[in-house]
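One chain comes next, on its own, written as structure tokens: the form predicted alone.
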């Protein structure tokens, strides 16, 4: 099975997966997306899941990234310690099927008692670097279920911190007393920006979250603004972790999320540019696969 004839890159997360067939020139030829994340695959079920991907996208080599390399995935791929770039990832690929299927390791970072890990985001960050979407010395925000604030130095991921902002919002939306107020649309606007300002300026996050409900009950706020305010509040608090020091910020990820984080960053008087996470992932996959082609 020759990589020069094309390959399949898979971004395999906890609850969903996305597969892309790249042709001999590296051009995207086909794609798939479903909710078959690693948690949906029964023990011993990954060979069959891989076979179904090939049935859908072609009998080609596979480059697998994300939680597929975790201890809940097909085979664990040990983290590459930061600072790390594409070269370090390529050296640590885990070949589950020799020459046919490789799992990309994540990246770990430690400093004293502090520790952090990522799986999947590293492909996007390093792909954006390799294709010149971001510079070799840059601050990057990668919003998602677990937002990442990443420092790139000398073209490698040097350090990063993870903030559970997306997961917290999801838990509040599904399981909290605020659930009935958080179903509305979330767009940048006055309510969202007010939440960002409060989150940035105060340390009363849990108290302010309850106040969202109280203000609506007492007629001091509109229920239709609650979701945007809550999102802005959590993102504003998130910015306290990563928006330190001067400089622009590159925001990489899904457009619906980069739009919110970029708006929050700009509301703080900083410049932010948005980069599509899918394009960055495909760039990273192409560069990682190049030595095999």
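Residue numbers count along the first chain shown, from 1. Keep in mind it's a predicted model, so treat the numbers as computed, not measured.
Here the subject shifts to the form predicted in complex with another copy of the chain, a form of this protein not shown in this document.
- A single residue from the set 158, 164, 90, 94 has any heavy atom within 4.5 angstroms of another copy of the chain in the predicted complex; that residue is 164.
- Listed residues 100, 213, 75, 197 were compared with another copy of the chain in the predicted complex; 213 is the one with a heavy atom within 4.5 Å.
- Among heavy atoms of residue 168, some come within 4.5 Å of another copy of the chain in the predicted complex.
- Using a 4.5 angstroms limit between non-hydrogen atoms, residue 36 is distant from another copy of the chain in the predicted complex.
- Proximity of residue 241 to another copy of the chain in the predicted complex: non-hydrogen atoms within 4.5 Å are present.
- Another copy of the chain in the predicted complex is approached by residue 148, whose closest heavy atom lies within 4.5 angstroms of it.
- Residue heavy atoms within 4.5 Å of another copy of the chain in the predicted complex occur in exactly one stretch of 255-263, 42-50, 64-72, 27-35, and that stretch is 64-72.
- Taking another copy of the chain as positioned in the predicted complex, the residues of 86-117 that bring a heavy atom within 4.5 Å of it are, in sequence order, 108, 109, 110, 112, 113, 114, 115, 116, 117.
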